[in-house]
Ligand code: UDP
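The chain below stands alone, shown as structure tokens; this is the form predicted alone.
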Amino acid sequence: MFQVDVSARTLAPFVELVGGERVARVTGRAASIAKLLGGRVVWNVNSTAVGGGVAEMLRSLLRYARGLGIEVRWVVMEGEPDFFRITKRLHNALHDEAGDGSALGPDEAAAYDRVTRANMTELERLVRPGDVVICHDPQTAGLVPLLVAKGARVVWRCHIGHEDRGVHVDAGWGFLRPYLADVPVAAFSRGAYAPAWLPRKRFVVLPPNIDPFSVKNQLMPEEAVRDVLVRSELVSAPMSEVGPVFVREDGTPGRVERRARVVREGTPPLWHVPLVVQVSRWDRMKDHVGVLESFARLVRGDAADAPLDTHLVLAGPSVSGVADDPEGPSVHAEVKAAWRALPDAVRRRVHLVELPMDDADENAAMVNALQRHAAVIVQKSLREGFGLTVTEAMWKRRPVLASAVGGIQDQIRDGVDGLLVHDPTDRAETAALLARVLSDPELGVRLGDAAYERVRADYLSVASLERWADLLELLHDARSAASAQPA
């Protein structure tokens, strides 16, 4: 287990986005929360410091909370490969997917407990009675009863889930229930994700958020966008005098120097070529193969008004760069095999991109540039807890085409903030919607502008700070009520 350093950051830049009154209100709430905490620490525990939406949200929220005077810290648990195989199986199960089909029985529970207790040995040296500990996702669920027994105030935050019960969902919750049956408070991205056995009074709904000033979401001039993509070998164009520059998380100047690893035939697409882009982990639930097949329909002209010169970019992290996602290499291999099977005319327009993870800020700058340059951004997931890549795309004012699953449905109002694929397994529907938005630039602008405003109102870090203040007050009130009960 190791701690992640996060520097404090002021909320002042949010005044221009959400107004001074709202920022002042959040600042006042933070002072009240600090008083409630009485010098206690708010700990966050998850399983990776980079390479996923949870890590990105934590980095954002913690730095603003620290800037508001709240003592927040972040620790990352570690484990053997078998532990992450089990937790990936749980991840898939809570999305009602079989994953690798392995068991979730006593042997797996024993392996899970062994890693959990090893991490708890280190965590109990840090956490004091009365501290708040927020445990994120299935990897950390085993810590909950151990922390409660030590006198911590515990929240289990689940970023994933599925609306309906099914054999895999039931198996996942069956595995986790012994650890979570008595959790003081749980938080879900959608209320429908909570298991039936968890009382309604013990869970809250907390939609995720993005940081508009992070490297991945900061404003980037068009010249810098082009130069970053040229340097990364994702497009072909002359470099400008600006260069592949961005502002790092610590406020210092940054410059993209690394190249992406790309599976393609020929050279990168020219700068003026419209790109259909999906950015996501190499995960079967992101349905990369389905995107490939839908794009093939578009290129073949099965969809009316299909543009003649469009390329597809499927981008994700380096397959060796995400510690808690052991399926990445095998999924990438499956996508590469599907790419090889495409007709020549389609395959030449498809680019499979692994973005380097050696420098998290540089990786984020590449994603930012790629999203800002996209003609349309796709997220054709088969399952999705929330879909932060959708939120990020909406923030970039890009037209977004995404599956009507999970939290994506909460973000996109079909035809208003983006376009929804109502059956993500229907390649013809996806191809038709792609053709529609690519052939109608005015529609793309309208959808992108509305998407930006939607995120500005509901899904920025400042909104999440407000919701977390509500939750910490709830946790305090619950503890006070329990203390007031006669013995």
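Sequential numbering from 1, following the sequence displayed. Every value quoted in this text rests on a predicted model; they were computed, and no experiment measured them.
Form predicted in complex with this ligand: not shown, discussed below.
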### Among the candidates 73, 85, 162, 281, the residue which, in the predicted bound form, approaches this ligand to within 4.5 Å (heavy atoms)
281
### 260, 367, 115, 319 - the one with a heavy atom within 4.5 Å of this ligand in the predicted bound form
367
### Heavy atom of residue 216 within 4.5 Å of this ligand in the predicted bound form
yes
### Message
Although the partner isn't part of this model, could you tell me whether residue 295 comes within 4.5 Å of this ligand in the predicted bound form, counting any heavy atom of the residue?
### Response
no
#### Entry: Exercise: residue 363 in contact with this ligand in the predicted bound form, heavy atom 4.5 Å
yes
### Any non-hydrogen atom of residue 389 within 4.5 angstroms of this ligand in the predicted bound form
yes
#### Entry: Candidate spot 277, 334 and 427, all three touching this ligand in the predicted bound form (heavy atom, 4.5 Å)
no
### Task
Tell me, please, which stretch of 126-134, 311-319, 162-170, 141-149 lies within 4.5 angstroms of this ligand in the predicted bound form when heavy atoms are compared?
311-319
